[in-house]
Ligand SMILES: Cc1cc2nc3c(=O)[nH]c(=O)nc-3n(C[C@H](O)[C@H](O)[C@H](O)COP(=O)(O)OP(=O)(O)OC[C@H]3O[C@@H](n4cnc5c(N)ncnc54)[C@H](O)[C@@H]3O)c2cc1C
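One chain is shown next in structure tokens, namely the form predicted on its own.
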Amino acid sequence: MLTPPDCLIIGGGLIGMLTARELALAGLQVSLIERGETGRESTWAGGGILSPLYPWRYSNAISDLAKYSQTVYPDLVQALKEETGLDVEWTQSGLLMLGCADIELATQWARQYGAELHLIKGSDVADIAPELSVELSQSEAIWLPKVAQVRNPRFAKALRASIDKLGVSVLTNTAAEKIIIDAGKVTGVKTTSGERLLANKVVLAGGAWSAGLLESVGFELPVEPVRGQMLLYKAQPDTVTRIILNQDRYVIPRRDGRVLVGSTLEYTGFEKQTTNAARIELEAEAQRIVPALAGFPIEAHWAGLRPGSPDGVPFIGAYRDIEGLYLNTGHFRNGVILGPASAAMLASIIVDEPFELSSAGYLY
């Protein structure tokens, strides 16, 4: 009979794999199950910006996690490259935000978190992003030059290679149906095939599907699917040089010239179908921001389901009513930027070691 792992993780997205990596590095025997293929849901579908959009509009709970992750990302991606040979294309593109009305709030946030923030207008805007349309280059803007990005599908691939090397047992195309509870304590997970996977500790990192799994044992979790649609242009390198945000629509340049455009925010349940209306709207906004994109083909149009949560604050910690059950879910639009911090925080809780951020604001 196989010895149960120290910890079983439900969910093979970025959050689940980062958590698995942290626990494996701490010396635990870890298993992970994923309903599809690892890194193919919201992890793959997002943009990879290493900052919340308009970070000053979020609570300190978000900004604290984001600052921690921004600090560790360069070392993390270097470690992954050394471990796996894969480059996740960490790139300090900077983030240019156009037409922001809440300048005072933004400057207060920047002072509090030590962020480099510049208020610019006129020719300075055009100098930073010459690709901007003439109309938008006249806007007042906020410039965050230190903001970076990663190519999230490659990040997911590197994480999978890393946890494989660390000995994490990964079962793909294996959906959890129910968390098994005995006398108020978790004992494992039942899969949709009827198999029982035993473990004394279970981490629920199932993204948009997390609430349904907690429902299976009679508890509620305020996490819901929120659809986001994106476009990908096949452009030439330097067509777009900066991450540019305008009224909740953004363009993100990749090193090879491809440009991501996003993203919608749709409460449509688990419906992942793309829509022509979203394609038309995103295409129009992309070309309004960067007119040169009109000269390049749209290579792809897709949708993903974010794990929406109240105010975007994720649930991280030991679940209050079930011994041995832990949560790391509900990151909404910010899974890539919050992931390293939330995984490190949860691992510290599980192995009972101190962590530099308080977990009090994330426990359910």
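Start at 1 and count along the sequence shown; that's the residue number. Since this is a predicted model, take the numbers as computed values, not measurements.
FYI, the form predicted together with this ligand isn't displayed, but the following is about it.
Visitor: Do heavy atoms from each of A205, G228 and R306 fall within 4.5 Å of this ligand in the predicted complex?
Guide: Yes: each residue has a heavy atom within 4.5 Å of the partner.
Visitor: Can you pick out, from A176, L95, V88, I289, the residue that has a heavy atom within 4.5 Å of this ligand in the predicted complex?
Guide: Exactly one listed residue reaches within 4.5 Å, namely A176.
Visitor: With this ligand left out of view, which of I62, I49, V30, L327 would have a heavy atom within 4.5 Å of it in the predicted complex?
Guide: It is I49 that has a heavy atom within 4.5 Å of the partner.
Visitor: Does any heavy atom of I316 come within 4.5 Å of a heavy atom of this ligand in the predicted complex?
Guide: I316 lies outside the contact set for this ligand.
Visitor: With heavy atoms only and a cut-off of 4.5 Å, decide whether I298 touches this ligand in the predicted complex.
Guide: Although this ligand is absent here, I298 would stay clear of it in the predicted complex, with no heavy atoms inside 4.5 Å.
Visitor: Using heavy atoms and a 4.5 Å limit, would one call S69 a contact residue for this ligand in the predicted complex?
Guide: Output for S69 is no: heavy atoms all beyond 4.5 Å of this ligand.
Visitor: Consider I10 of the chain shown here, and say whether it contacts this ligand in the predicted complex, taking contact as heavy atoms within 4.5 Å.
Guide: Result yes; I10 sits at the interface with this ligand in the predicted complex.
Visitor: Counting only non-hydrogen atoms, which stretch in 22-30, 330-338, 54-62, 316-324 is within 4.5 Å of this ligand in the predicted complex?
Guide: In short, 330-338.
Visitor: Just give me the residues of 17-35, first to last, that have a heavy atom within 4.5 Å of this ligand in the predicted complex.
Guide: Stretch hits, in order: I33, E34, R35.
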